[in-house]
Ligand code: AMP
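What follows is one chain in structure tokens, specifically the form predicted alone.
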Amino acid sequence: MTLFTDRLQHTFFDQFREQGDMHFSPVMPSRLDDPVIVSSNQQLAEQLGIDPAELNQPEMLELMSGNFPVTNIKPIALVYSGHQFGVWAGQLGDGRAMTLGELPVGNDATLWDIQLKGAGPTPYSRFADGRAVLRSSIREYLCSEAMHGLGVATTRALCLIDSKTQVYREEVEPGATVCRVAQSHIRFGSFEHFHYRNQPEAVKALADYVIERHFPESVNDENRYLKMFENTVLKTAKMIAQWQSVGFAHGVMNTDNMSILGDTLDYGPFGFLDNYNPDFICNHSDTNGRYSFKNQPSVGLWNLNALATSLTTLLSNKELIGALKQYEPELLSQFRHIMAGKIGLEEYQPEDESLINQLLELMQTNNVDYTIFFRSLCEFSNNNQTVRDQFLDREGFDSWAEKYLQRLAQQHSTDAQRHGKMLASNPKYILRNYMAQAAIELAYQGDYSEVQLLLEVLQSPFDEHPQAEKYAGLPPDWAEAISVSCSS
């Protein structure tokens, strides 16, 4: 077998097996039929210390398609519960994901979870087949890398496998697997599961594991649980500020889809804004708009409150409330800093709040494309205001632009210097739904070239990509008809 498998460790498995495996269940994957590599992420492989050539070896294809009976790998599926659309859903768990092990990376041997998604049923599949379809797998594979390219905290994907296995959803679709890589797959719902089962010792054991693995400097600190929770609060606030700044809507912010480390987790019915619309709902299943774009910051706090409830056997109410009060100031601070950079300000000032809000209101009322506008704004100067052509209300934009120019005049940088910094803050490319759909339709025909093209573009979305210029403009009219739901 490959060097990749030789390096896999089983720290989590060994630590919790002594407690009767209550945190996970041993599983065995079901092999895909006639598997083929759609794409392998060479950039991520190198960062993980994996020889990119290894990804294309027959042994790796077998492993990633769920066929490894002769290896020492013994996969597990994690158990968790959660609140879904604000309602307690009880036990959930890895219904179509299996953790293969933990890969030590770098001089400090930092552990990264290696997980196979779509490899068949687990005890938590709840009568489902445990499979993933090619359509949703392409979306997750590309979006996790797109988010990383944008600088957003996220899980990532190492490779994507297609097959001849038939999977039944609304219609018959090809089965696929994604190898997902994350610092951790522990979720808010992991703690909720044991709290609501009245198993405080299991809550403590899980918290101890998170601290030992991710915050070893705090292992002997009497405030270690508080520091862990505060880190979750602050990292979640930063993550959601990042979402809002790039126009990303997650679509299904259930507590079982929230990472204890504040990484974007579980890409299902996501969507990026086209026109700036705070009321944007990317999930067709979200009939009440609970997870609309504008609601994401408040839902983040709601979910953190749910996590806090599950930690009441470790922390006092005063400690939990004190940590939760850090959420809103951190989110606002992060968002303001990012948005100031997007409009070319060297440092956010309190009076910039009005300038940014007025711009967003103008963009909303004029149906201005979020990503294209901010990329165009990089060229703005006293002598170049062509970006105004994106607004029907030219007078409204001119009024804002006058205030903007006055604010820019307070800085010491030149237009050229500001231009360069803004290009590094405003992506030219995001993963719009129609782009993913184009790659999906070609992949159904056995042509994976568009998946690879988009992967390369989205990994460096601030750069110019002449071969993908078609994806830098406004989406086609037919893009509005694309609908994604929880099954996507």
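Nothing here was measured: the structure is a model prediction, and the numbers come from that model. We number the residues from 1 along the sequence you see.
The same protein also has a form predicted together with the ligand, omitted here; what follows describes it.
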Name the stretch, out of 345 to 353, 118 to 126, 385 to 393, 320 to 328, where some heavy atom lies within 4.5 Å of the ligand in the predicted bound form. 118 to 126
Any of the heavy atoms of Gln334 lying within 4.5 Å of the ligand in the predicted bound form? no
At 4.5 Å between heavy atoms, is Ala241 in contact with the ligand in the predicted bound form? no
Heavy atom of Tyr80 within 4.5 Å of the ligand in the predicted bound form: yes
Considering non-hydrogen atoms and a 4.5 Å limit, does the ligand approach Lys227 in the predicted bound form? no
Run the contact test on Asp94, Gly130 and Asn257 with a 4.5 Å heavy atom cut-off to the ligand in the predicted bound form and return yes or no. yes
Which of these residues, Gln358, Thr313, Gln84, Ser218, gets a heavy atom within 4.5 Å of the ligand in the predicted bound form? Gln84
Tell me, out of Arg407, Lys74, Arg213, Arg169, which residue has a non-hydrogen atom within 4.5 angstroms of the ligand in the predicted bound form. Arg169
Where, within 266 to 289, is there a heavy atom within 4.5 Å of the ligand in the predicted bound form? Residue list please. Asp266
